[in-house]
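As C-alpha cells, one chain now follows by itself in the form predicted on its own.
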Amino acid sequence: MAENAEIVVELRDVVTRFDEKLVHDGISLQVRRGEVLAVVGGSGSGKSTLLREMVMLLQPTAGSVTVLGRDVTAASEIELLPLRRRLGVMFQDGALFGGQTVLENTGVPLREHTELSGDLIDEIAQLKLLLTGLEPSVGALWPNQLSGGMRKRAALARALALDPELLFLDEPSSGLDPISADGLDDLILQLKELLGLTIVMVTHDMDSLWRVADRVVLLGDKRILGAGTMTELSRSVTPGIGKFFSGPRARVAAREHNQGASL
C-alpha cells in the first residue's frame, strides 16, 4: 500500500472512558484507501470499542474521528446520515434479525436508506447473497437454519447492500472452523479486489492476519503498542509486541505463511 494513499479514516488523540474505566488514552491512527487494516490486542484492550467509534456508533470522550473527510465527532445525526450510507458493518455475531428471512435481513439497509420498491430491494439483496457465495435458496431460510459460516456470509451480504466504500468487520472468523475461516478470508480478499473496498477488521485470528491484513495495529495498555505489516511486527524486539506475536498460535501461523510464500 502506497504511503501517499488517501487517508479515509483518521483518529487523533482519542480518549475513551466509561465512568471511571479508561479504555483508550490518546489513540491516533490512519486508514488508507484500498488497504486492509487489522486491529488486534488482548481481551479488554478496546478493539471493538475503537471500531464502534469509527462507524459512528459511539462518541469518544475526547479527540477526533474523521471519516471520509468529515469530523464525525462534531456532526449531528442528520449530517452523518449520508456518511453512514457509505459504510458497511459486519458485527461479531452477525446481528441478523431472527424474525426475518436471510433475504429480508440482507435488504434492511436498502429499506432504511433508499426509496426503492420491495421487489427491487429483494433483487439487489439476492445479488449480494450470491456475491458472498450463498445459493439463491438460502434467502428463504431463517437465520437459525444457517451454519456459522453461512451466517457470517449473510451478515457480510447485508454489510455490502449499499455498495459501501468502507467495510468494517468485527471478528469475522470467530466461531468458525478452520475451513470456513479460510473460505471467509478468501472471500474478503476477493471482495476487496472486485469492489475496491477499504477494510478495517478487528480479529484475534493469526491466520487471517497473515493472509488478509496489509497493516496491523496492536492495542495494549490503553494505547497503540505497535503498527506495521505482520512481518515487521512479528520480528519486533519490543517486549509488548514480541510477546503478542510469539505465542504458539502465532508461530504456527507465521511458519505456514512463510512456507506458502516460498512455494
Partner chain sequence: MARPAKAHADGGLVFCDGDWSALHVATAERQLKSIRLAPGEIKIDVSGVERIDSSGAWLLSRTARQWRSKARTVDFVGTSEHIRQLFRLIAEQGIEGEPPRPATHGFLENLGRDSLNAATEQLAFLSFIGNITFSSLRILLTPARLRWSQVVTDAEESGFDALPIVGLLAFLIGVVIAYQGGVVLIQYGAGIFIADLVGLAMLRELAPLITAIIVAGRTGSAYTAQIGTMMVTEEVDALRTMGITPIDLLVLPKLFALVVMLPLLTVFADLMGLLGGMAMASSMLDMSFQNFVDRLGQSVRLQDFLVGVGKAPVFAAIIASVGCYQGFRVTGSAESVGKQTTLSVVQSIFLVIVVDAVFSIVFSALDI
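What you see is a predicted model, and the numbers here were worked out from it, not measured in a lab. Positions refer to the first chain, counted from 1.
Heads up, the form predicted in complex with its partner chain isn't pictured, but that's what we're talking about next.
Segments offered: 233-241, 213-221, 191-199, 31-39. Contacting its partner chain in the predicted bound form at heavy atom distances within 4.5 Å is 191-199. Proximity of 126, 139 and 162 to its partner chain in the predicted bound form is complete: all three residues have a non-hydrogen atom within 4.5 angstroms.
Among heavy atoms of residue 80, none comes within 4.5 Å of its partner chain in the predicted bound form.
Its partner chain is not drawn, but in the predicted bound form it has no heavy atom within 4.5 Å of residue 174. Within this chain, residue 93 is remote from the site of its partner chain in the predicted bound form, having no heavy atom within 4.5 Å. When its partner chain is considered in the predicted bound form, residue 122 lines it closely, a heavy atom lying within 4.5 Å. Out of the listed residues 146, 166, 181, 110, 110 is the one that sits within 4.5 Å of its partner chain in the predicted bound form by at least one heavy atom. Contacts between 96-119 and its partner chain, taken as any heavy atom within 4.5 Å in the predicted bound form, involve 98, 99, 101, 103, 110, 113, 114, 115, 116, 117, 119.
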